[in-house]
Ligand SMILES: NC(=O)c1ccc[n+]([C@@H]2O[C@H](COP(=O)([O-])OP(=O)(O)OC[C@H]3O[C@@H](n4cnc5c(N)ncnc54)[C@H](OP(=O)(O)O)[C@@H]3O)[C@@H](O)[C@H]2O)c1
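Coming up is one lone chain in structure tokens, specifically the form predicted alone.
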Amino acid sequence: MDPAGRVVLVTGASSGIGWCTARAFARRGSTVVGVARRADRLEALLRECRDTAPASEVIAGDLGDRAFAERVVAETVERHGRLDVLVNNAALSKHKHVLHVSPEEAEAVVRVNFLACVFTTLAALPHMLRQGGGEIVNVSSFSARVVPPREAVYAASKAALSAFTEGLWHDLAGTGIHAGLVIPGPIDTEIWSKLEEPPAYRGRKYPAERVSDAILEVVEKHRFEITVPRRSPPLVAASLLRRLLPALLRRAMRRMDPVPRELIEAARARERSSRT
């Protein structure tokens, strides 16, 4: 698919991967509809996109709300007559030990990171079927393959998205609608400043443009899955260990970010006191 002249809906467009992706499509002549919660950031994005794609728009709101997620798809088609590419990128971080995670936090992460993508996808499919085809690109995470400490809820939400995308690829065969998956590793975005507990990772972080390039490749060349960065020795090694020596990998992850004894004791004391 040539992006020029296409209508592209990008979620999580107010920063990082989503921002770079929206801008990249606009520079290739696509009409972009950017969606995120921060209206001020979206307006800044819109000014950039309209330099090369004057019909581009933005819509601010919470994609975890099913009605809003469905509405952005409906409004995109109503205003532009079609929807050619849906990029599900919006996500909430949750780098937090599971003993500190509340059910409400877990539900919020799953709603935005997984269910919102289901909502937008199911809303987009009828339009893509009528027009004869389309592209759905879901942005997962390498943590869905190799789960770091303090990432249980976040990784689970992204693993669900990965499985959903693979199922889409099978179910949509013959429809002209292509589903693809982009799996970022450590990417240099503002998500690192939003972590609720200190990260153990101290390695290299890659620019968000690497991920937007991969998203464009999925669309233009009908790739199913691209990991970013490609052929990264740490990611390749972790994948191989996960497949061949999973116990060794778990021990290595535990050593990388061990659970402090005081955290466990504090959690145990808290639970004991709540029963008295």
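Every value quoted in this text rests on a predicted model; they were computed, and no experiment measured them. We number the residues from 1 along the sequence you see.
The same protein also has a form predicted together with the ligand, omitted here; what follows describes it.
Contact with the ligand in the predicted complex, judged as any non-hydrogen atom within 4.5 angstroms, is confined among 44-52, 247-255, 57-65, 233-241 to 57-65. Contact check at 4.5 Å (heavy atoms) against the ligand in the predicted complex: none of Arg6, Thr76 and Thr121 pass. Not displayed here, the ligand is kept clear of Ile136 by more than 4.5 Å at the level of heavy atoms in the predicted complex. Under a 4.5 angstroms non-hydrogen atom cutoff, the ligand in the predicted complex lacks His222 among its neighbouring residues.
Within this chain, Ala156 is remote from the site of the ligand in the predicted complex, having no heavy atom within 4.5 Å. Although the partner is absent here, Arg37 sits close enough that one of its heavy atoms falls within 4.5 Å of the ligand in the predicted complex.
Ile191 is the sole member of Ile191, Ala106, Ala160, Ala152 with a non-hydrogen atom lying within 4.5 angstroms of the ligand in the predicted complex. Counting a residue when any of its non-hydrogen atoms is within 4.5 Å of the ligand in the predicted complex, the hits in 88-106 run Asn89, Ala90, Ala91, Leu92.
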